[in-house]
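The chain that follows stands alone, in the form predicted on its own, written as structure tokens.
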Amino acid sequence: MLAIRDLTVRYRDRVAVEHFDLSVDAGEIVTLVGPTGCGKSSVLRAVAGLERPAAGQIRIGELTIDARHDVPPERRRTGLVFQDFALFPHLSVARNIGFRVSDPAVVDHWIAALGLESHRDAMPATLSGGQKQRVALARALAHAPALVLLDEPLSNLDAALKASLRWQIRDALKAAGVPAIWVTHDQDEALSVGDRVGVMNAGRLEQVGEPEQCYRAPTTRFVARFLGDGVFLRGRLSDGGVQTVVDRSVVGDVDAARRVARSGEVDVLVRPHDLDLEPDERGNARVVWGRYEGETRLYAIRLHEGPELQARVSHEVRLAEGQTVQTRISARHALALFGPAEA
């Protein structure tokens, strides 16, 4: 449905996106995530026709767009959903959704599908943020787009509403069978919503893959650090292929979700939920601080001969500041390894 090849987007002398490649299959949702200014929204603007590519090619179905051959936005059959909703303030919910839609049954369908029946005649000013976003999505889907582009659709909503609305939007896209690119800066949102996740940095796509693959087996140190909390511990590849994490004190033996083709020293990505803690007066670390999170507790611990780490454990594990503990990597986890020379 969508194929982007070697895309470059420039704003005067500034390069916003370069050498960007991405394909989106029919019915697939791809989330793009990355720090502010990394080029996520510029990719959407180029696909939508709001920015002309400086180089590269965009194919939407049978349409081909490049620096020499442009296609106006209205001919691209792309639906846009913005973070500021962009509703017509003088039109009711039904009239917003039905703007330039000839079949009233289509409007009725999307009003019902997104739970807007009781707000059919309401004006946008009377709606909550979540209701406005559902109207914006319904309006985009009512035009039977070939592709939906969502630019930070939940960024203006409170945390509790985001959690439920992300699933309503995802379910609506899946029910319509419409492929989508969903731009967000929220890592949890990107990992939970996307069939695949693309991680961007400085205008380039660092990694694209299934959410678990990007999280558990990042291909670059940037992706490893950006997707979730984590630190690198010095490790050693043993002759038998078992990775033993060492930082003077031994923290545990691990399997590798991402291996490096060398023996000797490696850096091992360790995330908070990879660690187990156990009170032990002869342990290898002490507790710096603890935070209650409901179902879990997050502890900062400092190895006696090593860095400070964070460990997320069951809420039933209660430790005091300054308490000595034994810290080890849980055997059930596979961690990513990086060679010392890898960026």
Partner chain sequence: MSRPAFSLIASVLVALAVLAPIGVLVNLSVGADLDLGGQTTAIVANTLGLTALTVLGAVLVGVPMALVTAHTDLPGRHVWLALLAAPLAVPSYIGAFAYFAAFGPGGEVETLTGLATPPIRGLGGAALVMTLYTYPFVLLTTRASLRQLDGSLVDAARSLGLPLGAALWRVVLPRVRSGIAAGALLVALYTLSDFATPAILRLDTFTRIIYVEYNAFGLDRAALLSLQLLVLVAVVLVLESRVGVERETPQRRLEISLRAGVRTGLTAIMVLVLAAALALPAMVFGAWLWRDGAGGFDPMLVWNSAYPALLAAGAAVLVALPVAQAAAAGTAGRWLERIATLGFGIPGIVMGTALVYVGLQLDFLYQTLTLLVIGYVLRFLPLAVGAIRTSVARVDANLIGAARSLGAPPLEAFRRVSLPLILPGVVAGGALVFLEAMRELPATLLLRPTGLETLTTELWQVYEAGYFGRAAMPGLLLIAVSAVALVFMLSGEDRLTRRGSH
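Being a predicted model, the structure only gives us computed values, none of them experimental. Positions refer to the first chain, counted from 1.
One more form of this protein exists, namely the form predicted together with its partner chain; it is left out here, but the text below deals with it.
- Contact with its partner chain in the model of the complex, judged by any heavy atom within 4.5 Å, is made by just one of Ala190, Val270, Ala140, Leu150: Ala140.
- For the residues Pro104, Gly264, Pro89, Gly177, the 4.5 Å heavy atom test against its partner chain in the model of the complex is passed only by Pro89.
- This chain is displayed without its partner chain, yet in the model of the complex the stretch 70-78 from 180-188, 208-216, 163-171, 70-78 comes within 4.5 Å of it by heavy atoms.
- Across the proposed site, Arg282, Ala300 and Glu316 without exception lack any heavy atom within 4.5 Å of its partner chain in the model of the complex.
- Taking non-hydrogen atoms only, Phe226 never approaches its partner chain to within 4.5 angstroms in the model of the complex.
- For Met123, a non-hydrogen atom is located within 4.5 Å of its partner chain in the model of the complex, even though that partner is not displayed.
- Taking the partner from the other structure, its partner chain in the model of the complex has a heavy atom within 4.5 Å of a heavy atom of Leu50.
- In the model of the complex, Arg45 approaches its partner chain with a heavy atom inside 4.5 Å.
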